[in-house]
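The chain below stands alone and is given as structure tokens, in the form predicted alone.
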Amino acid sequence: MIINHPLLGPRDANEFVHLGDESLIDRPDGMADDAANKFHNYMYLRDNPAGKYRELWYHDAGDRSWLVVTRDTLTHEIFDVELARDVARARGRSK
């Protein structure tokens, strides 16, 4: 599978580590009253969808960037690749 990195161009998927659902960008507030429950859900509860899905990928063997890859989990067709920092900033989370 080839991932078209927004900065580096086409790269083999073997250069990346797959983390999971892109919603992991939204880390829970550790100071909230229900932080333990929210972190449990954040760390351990995952969907396993079939079809179009947005995922976090880490470019481990390259520039060490985080990407949000939109792909079909059945066919592995990639529809879109974005820098995770741009996705986070668009949500108002500039980290």
Partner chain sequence: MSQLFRINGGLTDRSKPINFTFNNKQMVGYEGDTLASALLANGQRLVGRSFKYHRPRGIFSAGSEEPNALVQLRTGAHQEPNTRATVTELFDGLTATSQNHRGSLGFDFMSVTDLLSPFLSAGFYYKTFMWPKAFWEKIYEPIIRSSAGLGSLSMLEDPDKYDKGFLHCDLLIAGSGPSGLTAALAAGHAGLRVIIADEDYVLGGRLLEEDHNIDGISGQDWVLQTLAELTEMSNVRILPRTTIYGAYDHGIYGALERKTDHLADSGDKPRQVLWRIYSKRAMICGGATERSIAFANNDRPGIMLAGAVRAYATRYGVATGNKVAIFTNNDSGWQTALELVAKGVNVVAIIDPRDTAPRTHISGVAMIMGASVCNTSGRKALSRIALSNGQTLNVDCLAVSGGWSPNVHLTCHQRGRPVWNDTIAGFVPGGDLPVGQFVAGAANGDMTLGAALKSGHKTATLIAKDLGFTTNSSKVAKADDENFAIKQFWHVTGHKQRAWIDLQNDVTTKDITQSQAEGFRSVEHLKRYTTLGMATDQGKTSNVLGLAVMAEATGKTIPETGTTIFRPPYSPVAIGAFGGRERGQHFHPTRLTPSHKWAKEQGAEFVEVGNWMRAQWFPKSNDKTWRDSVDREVKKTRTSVGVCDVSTLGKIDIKGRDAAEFLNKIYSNPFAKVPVGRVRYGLMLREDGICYDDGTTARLAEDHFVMTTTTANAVLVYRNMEFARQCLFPDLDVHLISTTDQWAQFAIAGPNSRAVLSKIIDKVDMSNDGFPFMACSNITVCDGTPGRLFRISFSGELAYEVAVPVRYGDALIREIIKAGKEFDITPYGTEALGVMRIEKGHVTGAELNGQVTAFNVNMNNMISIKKDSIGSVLSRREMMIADDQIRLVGVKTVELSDSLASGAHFVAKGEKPTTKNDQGWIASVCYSPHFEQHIGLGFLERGHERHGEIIRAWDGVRGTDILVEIVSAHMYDPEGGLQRG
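Residue numbers count along the first chain shown, from 1. Small disclaimer: the values here were computed from a predicted structure and weren't measured. Each form is matched to the other, and the largest set of C-alpha atoms that superpose within 1.5 Å is called the rigid core.
This protein has a second form, the form predicted in complex with the partner chain, left out of what is shown; the following refers to that one.
The closest non-hydrogen atom of R54 lies beyond 4.5 Å of the partner chain in the predicted bound form.
V81 falls outside the set of residues with a heavy atom inside 4.5 Å of the partner chain in the predicted bound form. Although the partner chain is not shown here, in the predicted bound form the stretch 28 to 47 places heavy atoms of P28, D29, G30, M31, A35, A36, F39, H40, Y42, M43, Y44 within 4.5 Å of it, in sequence order. Core-superposed comparison between the shown form and the other one: CA of N41 displaced by 2 Å or more. Put the two forms on the same core and the Cα of G30 is off by 2 Å or more between the shown form and the other one.
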